[in-house]
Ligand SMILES: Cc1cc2nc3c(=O)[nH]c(=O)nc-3n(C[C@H](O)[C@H](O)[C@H](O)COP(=O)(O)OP(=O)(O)OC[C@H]3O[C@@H](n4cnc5c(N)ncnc54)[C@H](O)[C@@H]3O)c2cc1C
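Heads up, the chain below is alone and in the form predicted alone; it's given as structure tokens.
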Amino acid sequence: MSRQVSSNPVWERTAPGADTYPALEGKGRAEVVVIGGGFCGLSAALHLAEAGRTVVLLDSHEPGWGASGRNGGHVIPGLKLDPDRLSKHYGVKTGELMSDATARAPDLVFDIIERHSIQCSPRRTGWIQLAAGPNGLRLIEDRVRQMQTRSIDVEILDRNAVIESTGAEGYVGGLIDRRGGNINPLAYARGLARALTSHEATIYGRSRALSIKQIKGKWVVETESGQMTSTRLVLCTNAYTDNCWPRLAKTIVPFVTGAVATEPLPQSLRESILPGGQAAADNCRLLSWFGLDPEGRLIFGGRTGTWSESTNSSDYRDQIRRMHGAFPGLKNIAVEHQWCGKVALTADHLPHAHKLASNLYTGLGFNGMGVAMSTLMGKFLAQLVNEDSEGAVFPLSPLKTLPLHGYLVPVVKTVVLWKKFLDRFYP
């Protein structure tokens, strides 16, 4: 008899139980309304509440329901663009400031976890990036050079060191960045929500924002069964951005990624797979990532075979094939969980912050690096609301819709096929 595979994220096994948050009923008021209960919205709301603001957070389901509770839990320093490219993109002064601030984003995550005693299995043992071929290795060597000139604790790993530190086959080298780490992301989201309510903020679950209007200088958010009015509004919906604000959804590509989790590994395998407790990802154009949960299950994620959030086992076959390619010893180990969620991609691979209107801010597009970057973006959005420019990280930019966004699926399918070709023949 085949084992039933759960479509729930494996993180539910070790996360504290979810608190219950009522739906918004009737009319209410607050200084600030935050829409979206992922890391970005929770971080923004928490920093605002800590600053003494009266805050209400609205979520369409519950905190951590979306990508925040479904990702790999990798706490990754920095951005997709390395420091030299950031300086070229933004200019030296802004680029270096952004590089430095985002490099320290894991500090913010682990500080919040410690200050609020969030039980999310935090491990700050570093983050490993792997190269599958010579092109990927050249990128890693250049990245390490840039970081070492900035006195960052990053080290090159040769093929043997990769096998020793990860147990994964098929990689020619890599790096370890000791600023990074990993957590149970669902537990982190639930812990942020509890910290938020401890500061007398209010969370409403099952309260999707259906419309946003500015009336006589106030923001009015309509839900199915209620209405919330505020002076300031923060929109933190990322890959789940809908049509509440015109054109915002057309600035990102909501790309579906997924993960599988094995049963707990036997000790004979556990000793050789990520023995130091790090999380890892390769730098392929269609990358794969992996790590361990607190009970020793291997979690392996990346691109799925679907363009919608699917629970169909056939859509995870390619992931399982890639997992077995990296870890042949897992071919007889059962898969217990398979799940997916949406990642918000941007054309320049950078997060975007926008002032959409008077007293209305948003940040989105974390490109698969959401634990640290969305937490940092939430703090930045809170600074904007509080008119605090000290240590500002992300430059505000105008909305720029992506060309051919109305033909998103065929365009993305074409790009995926091209990247798959490049990964196979020019790794």
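As the structure is a prediction and not an experimental result, all values here were calculated from the model. When you see a residue number, it is the position in the sequence shown, counting from 1.
Omitted from view is the form predicted in complex with the ligand, to which the following refers.
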- Item | The unique member of L233, C236, L186, I128 whose heavy atoms fall within 4.5 Å of the ligand in the model of the complex | C236
- Message: Quick one: C40, S60 and G370 and the ligand in the model of the complex, is every residue within 4.5 Å by at least one heavy atom?
- Response: yes
- Item | One stretch from 117-125, 139-147, 94-102, 256-264 that, in the model of the complex, holds residues within 4.5 Å of the ligand by heavy atom | 256-264
- the ligand contact at K342 in the model of the complex, heavy atom, 4.5 Å: yes
- Query: Contact between R70 and the ligand in the model of the complex at 4.5 Å, heavy atoms?
  - Reply: yes
- Message: in the model of the complex, is there a heavy atom of the ligand that lies within 4.5 Å of any heavy atom of H74, even though the partner is absent here?
- Response: yes
- Message: Even though the partner isn't displayed, in the model of the complex is S374 close enough to the ligand, meaning a heavy atom within 4.5 Å?
- Response: yes
- Message: Pick out the residues of 187-209 whose heavy atoms come within 4.5 Å of the ligand in the model of the complex.
- Response: S207, R208, A209
